[in-house]
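Quick heads-up: it's one chain on its own, the form predicted on its own, in structure tokens.
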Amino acid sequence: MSGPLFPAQEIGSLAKPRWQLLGQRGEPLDAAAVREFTSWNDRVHFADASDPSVRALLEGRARELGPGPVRDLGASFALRYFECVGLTRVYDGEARRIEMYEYPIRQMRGFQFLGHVRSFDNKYYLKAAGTGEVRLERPYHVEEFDYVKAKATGIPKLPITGPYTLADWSYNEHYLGREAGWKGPAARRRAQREFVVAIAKHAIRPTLQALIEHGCRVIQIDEPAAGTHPEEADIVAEGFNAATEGLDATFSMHICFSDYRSLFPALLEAKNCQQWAWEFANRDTDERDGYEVLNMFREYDDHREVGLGVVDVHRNEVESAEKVADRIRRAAKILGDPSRIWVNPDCGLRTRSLDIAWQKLQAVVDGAKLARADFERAG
């Protein structure tokens, strides 16, 4: 990493503003949505009041405007939000995305949607079965990145759901069906590996190639399912390699809320991963050091960058800049090389209000400045 110590980034999605949700549905903005639009525009300057799309939205003519221009405004808002708060790597907060599974699967052949299943609490997603050979219909997220690249003043990045998660959240009928005899643990493991690698090679990789051809140089592979089956960490790594090997970009892997020790050393085989973007603040309490797990990088002699979670995305309580700085100092001491650290929230801030998310991101940026000043004085 070059440049100042402890650059800041976001690693997940941002809550969509009320005006965007209403506008996408073609509904007139209510007074609260207009106030929200105006106050944030005064703050981060994401929209030109003279733009016909902006006027139509604010004047209650969202239906004639259509959802596309509203999504563009939402993407512009999130991008400026991240830039103005001080992040180095930026994107649109997944403003165009509803979820991270169904959309990518719909861009592929070899799947059939079967119905909604419960993911957690009262949340459901539309689950598909892998019923044939995986093939890509067309690369996806390309238009999304093009818009970010055209608008960004910071370093544009793009997150994409990884092959292991897409396979794990699907029914594996085709590849398991090719296993002869009893479908026991060994057969299921072989079928899972084949499914993951097929998605990686035939869908994720060509999508990554298209993104890189469009100028995307920083790509985050999201693998939230990795921590749910630690015994398959080697398959996670194999899928990552199949998708990224030989491609010219900076790749990170984001795994949230996991027992990371249970994934090592198998996960270390993700050869083209330059950064581990993980959560730590969530587990950091007065009784427990949430950053102690970083010792395993020294144990396994792994010297890659760490996307360090320094604020908890599950609580409204806003961490002080000093608390963030203390977490960075502790992590740097364990790792032995402060230049390896990027700072970020534990995960996406979409469950927090835009105001709380802003304050937490400001704490990330300000805490990094405090820690940076300490190291500069000492160095």
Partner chain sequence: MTVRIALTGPFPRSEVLVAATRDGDRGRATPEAVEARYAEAERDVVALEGRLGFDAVTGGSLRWADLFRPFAEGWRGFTVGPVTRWFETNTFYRQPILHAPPERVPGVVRGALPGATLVPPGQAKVILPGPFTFAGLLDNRSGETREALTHRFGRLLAEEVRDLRAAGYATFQFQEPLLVVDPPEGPLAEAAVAAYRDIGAAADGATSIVWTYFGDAVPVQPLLARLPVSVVGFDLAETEPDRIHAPPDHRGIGLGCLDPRTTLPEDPTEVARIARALQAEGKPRELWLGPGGPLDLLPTEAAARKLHVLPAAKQLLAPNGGSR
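Residue numbers count along the first chain shown, from 1. Not measured: the values here are computed from a predicted model.
One more form of this protein exists, namely the form predicted together with its partner chain; it is left out here, but the text below deals with it.
The partner is absent here, but in the model of the complex a heavy atom of 188, alone among 109, 217, 188, 214, sits within 4.5 Å of its partner chain. Proximity to its partner chain in the model of the complex, taken as a non-hydrogen atom within 4.5 angstroms, holds for one residue of 86, 265, 177, 132, which is 177. Residues 206, 261 and 269 are none of them found to lie within 4.5 Å of its partner chain in the model of the complex, as judged by heavy atom distances.
Heavy atoms within 4.5 Å of its partner chain in the model of the complex are found in exactly one of 168-176, 282-290, 242-250, 145-153, that being 168-176. Its partner chain is not drawn, but in the model of the complex it has a heavy atom within 4.5 Å of residue 125. Put simply, residue 296 is far from its partner chain in the model of the complex: not one heavy atom of it is within 4.5 Å. In the model of the complex, its partner chain sits within 4.5 Å of a heavy atom belonging to residue 231. Mapping the unseen interface onto this chain, residue 119 counts among the residues with a heavy atom inside 4.5 Å of its partner chain in the model of the complex. Counting a residue when any of its non-hydrogen atoms is within 4.5 Å of its partner chain in the model of the complex, the hits in 180-215 run 181, 182, 183, 184, 185, 186, 188.
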